[in-house]
Structures are given as structure tokens and as C-alpha cells.
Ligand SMILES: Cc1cc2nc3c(=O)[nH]c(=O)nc-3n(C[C@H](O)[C@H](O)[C@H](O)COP(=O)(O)OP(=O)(O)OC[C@H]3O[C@@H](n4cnc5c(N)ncnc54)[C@H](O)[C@@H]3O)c2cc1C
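This document opens with one chain alone, in C-alpha cells, the form predicted alone.
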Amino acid sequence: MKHASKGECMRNGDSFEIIIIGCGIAGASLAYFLTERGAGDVLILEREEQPGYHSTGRSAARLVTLDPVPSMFQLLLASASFLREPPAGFSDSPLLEQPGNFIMFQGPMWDMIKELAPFYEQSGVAIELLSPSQAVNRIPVVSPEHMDGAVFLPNDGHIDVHGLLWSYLRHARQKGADLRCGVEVQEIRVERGQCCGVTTNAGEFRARKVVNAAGAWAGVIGKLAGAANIEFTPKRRTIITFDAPADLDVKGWPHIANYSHRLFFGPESGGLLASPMDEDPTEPCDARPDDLVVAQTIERIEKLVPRLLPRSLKRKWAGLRTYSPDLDLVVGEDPLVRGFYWIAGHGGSGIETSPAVGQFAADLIMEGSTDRIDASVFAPGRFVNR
């Protein structure tokens, strides 16, 4: 890959107002909210042959309106209303299945949740605090010895990732956005500190604004532009699926997690899925499950919910969750290269916060500011001169 060109911008090739690099959930949601605001001259470039190939397509995709970080909690609340009641005609089917989320805690984590529960309730989150015995009555396969208590979030649940992603894209394309897959960005064109387009394996494209929504490759794209040097860390997350015990009807179960002992599990296509909530740092890649982590998942199931111990696996896969150095999102215009924008570092929250992030990112790109949230918390400039 080439570094940013400081010479003259391209004089030939297609021209657009805004180019979005990456068509996972971040790029798709941004395209939707940009075109909703009238920015029809938008080009989305996706290196893979289909949108959502990496993190978006490999997520367990839950809405969990529970986060101790105020900025993230605000994004979750704003996104939840969109996911529960999307705009008329946005999707052909509901985006959110709401069997709820059931989360167990032990030790200091449980103390923190109990302390924060009134704040969550005042913020409009439906939350039930359960004792260990109440939790076991609700989900008989769990054990009281591995928790001090649990919470149940009845209005949360499973997001239809496919429906959400393609609804964003369908509406954006109906309003003029152009999606091109199999196109890899090789160079970000910069002239006198102003971003002015990209060079790809499919030719050159001009634009006044370029958005880096490249997921695990966001740091790579940033370096092509000579932008702020933000060291993102992709981390692998592994999921397995298997048959449920014949004597258990798991179809109506909520999504179940033990945050203190690092395991989540829940219904999936007539059976169950589970993850050890692993976060192993890796380079940007087409993630594959590690056999050792798969074995650790099975060991954790045997310890925490032995009744669910699988005899064999149906599937196993892995995806990447990408984090910034301070674990917060990076959204906004780069401090070093004008017209180059970031929407990256979502960690494991990209899908569930995509409505809110897409909206305020569109504000920043179209207007230069937003009144939806304190955008300074997410500004890429926080990593310069640290």
C-alpha cells in the first residue's frame, strides 16, 4: 500500500461529495443517515465481495442497555429506541427480538450494578434485580455458587443484523448512495492538508470528504492518509453452536451471560450458542476460531452450566472487535488532515449503537457539530500530543 500523496489531486475519474471506506454496520448506518439528510452523492467502498463480511456478519448481535460508562450508555439508549421502533418502512420485519437479557455477576461487579440500578431505572431502562435463588428459579441450568445476583433486562434482546444492515443500505441506495464491493483502497489523496479522494484497485475517486469506517483496518487506512496515529487493537471473539439437551426447551430463553466468570450462551437456530467472551489481541485478519479457545469454552460450560455440556459442535467461528487505546469510539474529523473523518473503535458495541453513532457522525460530517451528544468524548484529536 502507498502512503498519502501530497501532490496534485486526481483530475480524472469519478467524483463524489463523500466516500465511505468500509461497508460494515458503521459505514452502512452512516450512509443511511447521510442520505436521510440529503447527501445523495455518497460512495461506499468495500474491499470484500459483500457488505458486513467481517465483524458485522459474525456478531451475536445483542442489545444490552447496561453500561457503566456514561457516554456509551447514552448511545445505547438513543439506539435502543430506533431498534425497537424503527422509522415507518425502514425494515420489512422487526429489528429486535425481545426475549430479554439475563446477566449474572459476582463480587465487586455485583456491588457496582446494585449501586447503579436506580440510575438505570431513572433513565428509562427496565431492569430487575434478582437474588441467586430467584435467578435459578428463572433459569434452572445456572448455579447460585457462581453469582451473587443477576439482572434481567426484559426489553432487550437479539438484533436482526442482516435486516438492519441491508435496511440501512437499501434506503441509502434508494436516495443516491453508490455501493461498490471488491474495491480496495490503496492510497488516500491529500493536497495541502486537505483530503481529496482515494486511489483503489478499481481506479481513482475524488471526494471532498473521506470517512474511515474500515473496522479492524481503521488504523491502516489512517496511516494511508497521514492522519492521527491511533493504535487500534483488534481482538478475537469466538462463538460455538451446539444442540440443546433433548429434555430442555430453550427457544424462549433470554440471552444469558455471566460477566464475572466470562461466559455467555443463548438460543440459536433451535439449539444453543456460547462464547467464552474472549478478547485475544490480533492483527487485522479474516478471523478464525482457535481450537484452544473452543476447548476453554467447553470447559467453562462444564463448570458453570454442566447440564448444557455439548456432545459435539455444529459450528464454530470468530470475529474481531476493534478497540481504540482508551476503549472509547473514535468519531469525527481528523485533527491533522481536513476532510478525513473517523468512525471506528466500536469494540463490541458497533451494531447496537449504530443508530446513534450514525446520526451524530452524519451531523459532524454535514454540519461540523452535533447537539445529540458531547462529541468531544469521541474526537480523534484526543490522541494527538498525548
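These numbers come from a predicted model, not from an experiment. In case it trips you up, residue 1 is the first one in the sequence shown, and so on.
The protein also exists as the form predicted together with the named molecule; that form is not presented, and the subsequent description refers to it.
Task: Contact of residue 60 with the named molecule in the model of the complex (heavy atom, 4.5 Å) - done: Contact with the named molecule, yes.
Task: Contact test in the model of the complex: residue 334 vs the named molecule, heavy atoms, 4.5 Å - done: No, no contact at 4.5 Å.
Open item on the list: Please determine whether residue 217 contacts the named molecule in the model of the complex, using a 4.5 Å cut-off between heavy atoms.
Closed with: Looking in the model of the complex, residue contacts with the named molecule include residue 217, since a heavy atom lies within 4.5 Å.
- [ ] Although the named molecule is absent from this view, report whether residue 65 comes within 4.5 Å of it in the model of the complex, heavy atoms only.
- [x] Residue 65 lies outside the contact set for the named molecule.
Open item on the list: Tell me which stretch of 355 to 363, 334 to 342, 22 to 30, 35 to 43 has a heavy atom within 4.5 angstroms of the named molecule in the model of the complex.
Closed with: It is the stretch 22 to 30.
- [ ] State yes only if every one of 55, 185 and 213 has a non-hydrogen atom within 4.5 Å of the named molecule in the model of the complex; otherwise state no.
- [x] Yes, the whole trio is in contact, each within 4.5 Å by some heavy atom.
Open item on the list: Under a 4.5 angstroms heavy atom criterion, identify the one residue in 228, 80, 239, 256 near the named molecule in the model of the complex.
Closed with: Contact with the named molecule in the model of the complex is made by 239 alone.
Task: Proximity to the named molecule in the model of the complex, single hit among 272, 221, 301, 177 (heavy atom within 4.5 Å) - done: Selected option: 221.
- [ ] Quick one: name the residues from 341 to 360 with any non-hydrogen atom within 4.5 angstroms of the named molecule in the model of the complex.
- [x] 346, 347, 348, 349, 350, 351, 352 sit within 4.5 Å of the partner.
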